[in-house]
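First, one chain by itself in structure tokens, the form predicted on its own.
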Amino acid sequence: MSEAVTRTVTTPPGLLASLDPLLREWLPRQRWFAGKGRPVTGFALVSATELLPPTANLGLYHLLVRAHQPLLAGHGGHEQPGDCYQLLIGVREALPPRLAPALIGHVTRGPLAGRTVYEALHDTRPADLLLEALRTRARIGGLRFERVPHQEVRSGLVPRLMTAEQSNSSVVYGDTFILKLLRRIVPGINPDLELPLALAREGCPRVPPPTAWLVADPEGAGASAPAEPYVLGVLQPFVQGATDGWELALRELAKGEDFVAEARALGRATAEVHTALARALPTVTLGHTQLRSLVDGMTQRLEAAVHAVPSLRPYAGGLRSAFSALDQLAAEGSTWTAQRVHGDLHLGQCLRSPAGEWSLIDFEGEPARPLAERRMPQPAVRDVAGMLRSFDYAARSVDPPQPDWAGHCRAAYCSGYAEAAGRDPRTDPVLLRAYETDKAVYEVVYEARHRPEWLPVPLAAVQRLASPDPT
């Protein structure tokens, strides 16, 4: 095994100040930037690490920066420290044409004056450096590159940046590994590393096991520094030739083919992951007190959604009944088991290998939710509800919509789940309806804000879930 490499680095003073005007324009344009609609008014440096000293050919900086934004869009909002983002900044005298799409801007002052800076993940040399650091378990400044003991990482794998992601960035190395770099960073144990590691210990084959990962110890904050490091990225085996479930479902819809066999297999895969997670990590029992808190959260989200999207108002009473029915069951003495779950499961988070095997990926949960909430045990049916909604989305993304296709997939998925788990999610219809309703309400707000043309998709589910017989 390679010995760990430790390197002390210094970062030039004034680096962030020189990048500030360029980042204010560039950062909000990135797909993974979470604060859209509010201007960036400044930055605070969480950490800065020089990975390559800037020469005539190439320099490379790793930055964690916190973007300051007003609380409210428009004028008059108070500024507050916003989200923390991971940036890899490349430095060159001039960009070659192949890197033109990666341009951030030309620096006019400070230690990089006269240089051009760019998004370094588009460049093969910085991507190579990340893999080599993981391979050698390097320590560079406050960055720690960790690796599973006795797990070898071959050098010389050709990197390529994937372009399809939304909330993070991924680099594939020679069809052997994929490095997922988290963009919005919070201190603490990230479930995208924690849960796949736990599943690997259980020998669960449905989730690619982590090979290596990157963490940072925040610098310069003294006693105010968070107790836990930042998880920045995870390297996992790349499932070569795999197709994600969303693409596969749309392909079958376009051909007029059903998806029943795949949905059933996907249900079995989900249940296998849930069963392994319940073995690997603690479970809890939810009684009336815990369910009341859960129901209150669902109800509050509904009230906020009704206020934000007037189209929901005619259905508010029926949707509210989905939550009150669950509360009533708990009041009568029903209990449920909660465990660690995926947290954001849908067809796009599932990969089908050329051999027909399904894998689940991206265990980060919903990035907008607090990390502590994403790590809380929850009923496994939450993931089931997410998949049921995803079948609806696929069926209604075609013209004309195919609700019967979705119905067959939903039934097959639950049947497959029951085959592996020994329990059918449909035998707990009140809990399932509550979670599916909560998910549909979230979708209504999202589509109204970001994709109004998609709003009829979750509204169709809302109409069904608000009815006296939602089945």
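Just count from 1 along the sequence shown to find any residue number. Since the model is a prediction, treat every value here as computed from it, not as a measurement.
Missing here is the form predicted in complex with a small molecule; even so, the following discussion is about that form.
Among R135, H346, R340, R144, which has any heavy atom within 4.5 Å of the small molecule in the predicted bound form?
None of the others qualify; the residue that does is H346.
Could you check which residue among E50, E443, D428, E436 gets a heavy atom within 4.5 Å of the small molecule in the predicted bound form?
Residue within 4.5 Å of the partner: E443.
Report whether the minimum heavy atom distance between N190 and the small molecule in the predicted bound form is within 4.5 Å.
Judged by the heavy-atom cut-off of 4.5 Å, N190 is well away from the small molecule in the predicted bound form.
Report whether the minimum heavy atom distance between R389 and the small molecule in the predicted bound form is within 4.5 Å.
It does: once the small molecule is placed as it appears in the predicted bound form, R389 has a heavy atom within 4.5 Å of it.
Is S167 near the small molecule? Define near as a heavy atom within 4.5 Å, in the predicted bound form.
Judged by the heavy-atom cut-off of 4.5 Å, S167 is in contact with the small molecule in the predicted bound form.
Is there a heavy atom of R31 lying 4.5 Å or less from a heavy atom of the small molecule in the predicted bound form?
Close contact exists here: in the predicted bound form, R31 approaches the small molecule to within 4.5 Å, heavy atoms only.
Among W246, Y393 and E447, does every residue place a heavy atom within 4.5 Å of the small molecule in the predicted bound form?
Yes.
Partner absent here, but in the predicted bound form, which of 290-298, 144-152, 269-277, 346-354 has residues with a heavy atom within 4.5 Å of the small molecule?
Going through the listed ranges, the match is 346-354.
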